[in-house]
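The chain that follows stands alone, in the form predicted on its own, written as structure tokens.
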């Protein structure tokens, strides 16, 4: 696969289950290695927000947040305060990550990612997690980040893709097709899945 994702653009990534969307996000983030070829990035790239493997299971949410802050050279106290407030995990923030439900893991990951400034955010269905209030809060903070950054955004919600992305890409049969207009990507995906 050869693809270029322009900086500062939000790209909606579409494809059937198992097509490779989450794997592509891991490759872009550097948390997985390609079997051949190279992934070249510029700017600060987030880890895949929906990827629970970003955190150590025996460390608490707070300890994981502190660790990530150190990796990215961020103010640890400021990031811990931000994530504790944003993720709204209460006492669970100070319990081991392995005790978290899937939703709690996603809330922590999203909070850490939004608490750090990246040039490109990698989002894997994360804003669908939580109650209506958390969904609204997540979407608002993500929209705020997109005023100064780009994203590669995986979602099965065409409405969300239209709202959050300007461009789109479709993975099918091991190939990626890039579209400058997210509506063209959605139309192509709908056509290809209707066959």
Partner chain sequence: MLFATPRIISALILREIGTSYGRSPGGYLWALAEPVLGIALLTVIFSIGFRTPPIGVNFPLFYATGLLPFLMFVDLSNKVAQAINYSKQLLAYPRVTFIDALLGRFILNFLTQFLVAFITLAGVILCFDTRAALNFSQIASGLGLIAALSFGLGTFNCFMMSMFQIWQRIYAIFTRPLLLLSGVIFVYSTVPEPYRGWLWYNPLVHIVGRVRAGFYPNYDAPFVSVSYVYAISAFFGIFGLLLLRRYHRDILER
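Basically, rigid core = biggest C-alpha set you can superpose within 1.5 Å across the two forms. Residue numbers count along the first chain shown, from 1. Because the structure is a prediction, the values reported are computed rather than measured.
Just so it is clear, the following notes concern the form predicted together with the partner chain, a form of the same protein that is not shown.
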item: Residue contact check: residue 64 to the partner chain in the predicted bound form, 4.5 Å heavy atom; value: yes
item: Distance check, residue 137 to the partner chain in the predicted bound form, heavy atom within 4.5 Å; value: no
item: Distance check, residue 78 to the partner chain in the predicted bound form, heavy atom within 4.5 Å; value: no
item: Touches the partner chain in the predicted bound form: residue 31 (any heavy atom, 4.5 Å); value: yes
item: Interface stretch in the predicted bound form with the partner chain - options 165-173, 32-40, 138-146, 151-159, non-hydrogen atom within 4.5 Å; value: 32-40
item: Heavy atom within 4.5 Å of the partner chain in the predicted bound form - qualifying residues of 77-108; value: 98
item: Exceeds or equals 2 Å, Cα of residue 147 between the shown form and the other one, core fit; value: no
